[in-house]
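Only one chain is given next, in structure tokens, and it is the form predicted on its own.
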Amino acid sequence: MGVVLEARDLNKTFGAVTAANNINVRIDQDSVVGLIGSNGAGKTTFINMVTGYLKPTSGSIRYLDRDITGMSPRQITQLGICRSFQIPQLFGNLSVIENLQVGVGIASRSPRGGPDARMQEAHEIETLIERFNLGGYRHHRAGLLPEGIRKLLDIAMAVAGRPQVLLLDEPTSGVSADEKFRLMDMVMSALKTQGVTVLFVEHDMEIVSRYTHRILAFYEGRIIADGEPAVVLRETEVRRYVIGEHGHSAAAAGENNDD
């Protein structure tokens, strides 16, 4: 299994605030990696640097052994690194199918307009609708969708970019406890068929435990633990600074962190 993404000596400061502190990490192809930490720990800063929304103060980011440090979000997306957002980035006045038409059209590698290109795009859209179970909402305006469906559509839009690496920012935030596992089952099943490497930021330790192969735990811009979920979630620093356990009244490591 090869390395698809690597951060080397990665730092990001905002004035006197250090948001990323000497991050060194390698991500293997086809892995599923959870990024955990309290608010402000550096998780989203890391994702924003990888996807080009923030430029590192120092250090480098390599994708398939190519230096992508400082590239624009559009350039990075075209290379095969796509993302969803904590707050879904949708065209609220357009329907589900129209949003997907935009996403697939932007991702198209061939000139648009010919019958073959239109047929291929239509096929890709129907595949996304089927994989993310959006058929019952295809003509609904995105701005009026339930939050769980908005999340699914946002992730489907990211997948329309045909990523090799997909970064998800809090895919279950705003989703009810009853819906979160159904949503994640659907997302992970859809992504497995495409062989996508997945990194996702998540506060819910149940979700992280169930769906990841590996966890990166962040605290004050540093990675304080890196390994299999069962191991990382038992580490003292993680239980204290991420999960929020203190003394003998601590909750179990699998409980949610509401920060």
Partner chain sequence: MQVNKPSQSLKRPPAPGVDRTTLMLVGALVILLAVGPILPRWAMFMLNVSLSWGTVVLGMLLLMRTGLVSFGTGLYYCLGAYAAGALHHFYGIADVAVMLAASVAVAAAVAVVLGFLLAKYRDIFFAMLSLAFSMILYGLLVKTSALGSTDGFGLSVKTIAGFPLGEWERNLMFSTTVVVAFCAALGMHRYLSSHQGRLASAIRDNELRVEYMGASVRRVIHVNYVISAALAGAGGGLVGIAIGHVDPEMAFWTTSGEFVFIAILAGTGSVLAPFLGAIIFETVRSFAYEYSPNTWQLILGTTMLLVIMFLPGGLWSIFTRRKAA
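Numbering follows the first chain given and starts at 1. Just so it is clear, the structure is predicted and the values come from calculations on it, not from any experiment.
One more form of this protein, predicted together with its partner chain, exists but is not displayed; see below.
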Given that the partner is absent here, does Tyr137 sit within 4.5 Å of its partner chain in the predicted complex, heavy atoms only? no
Residue-level question: is Phe91 within 4.5 Å of its partner chain in the predicted complex, judged on heavy atoms? yes
Taking 4.5 angstroms as the cut-off for heavy atoms, does Val102 touch its partner chain in the predicted complex? yes
Does its partner chain get within 4.5 angstroms of any non-hydrogen atom of Gly148 in the predicted complex? no
Contact with its partner chain in the predicted complex, heavy atom within 4.5 Å, among Ser189, Ser176, Asn133, Gln78 goes to Gln78
Pick from 227-235, 199-207, 66-74, 34-42: which stretch has non-hydrogen atoms within 4.5 Å of its partner chain in the predicted complex? 66-74
Suppose contact means any heavy atom within 4.5 Å; which members of 146-168 contact its partner chain in the predicted complex? Asp154, Met157, Ala158, Ala160, Gly161
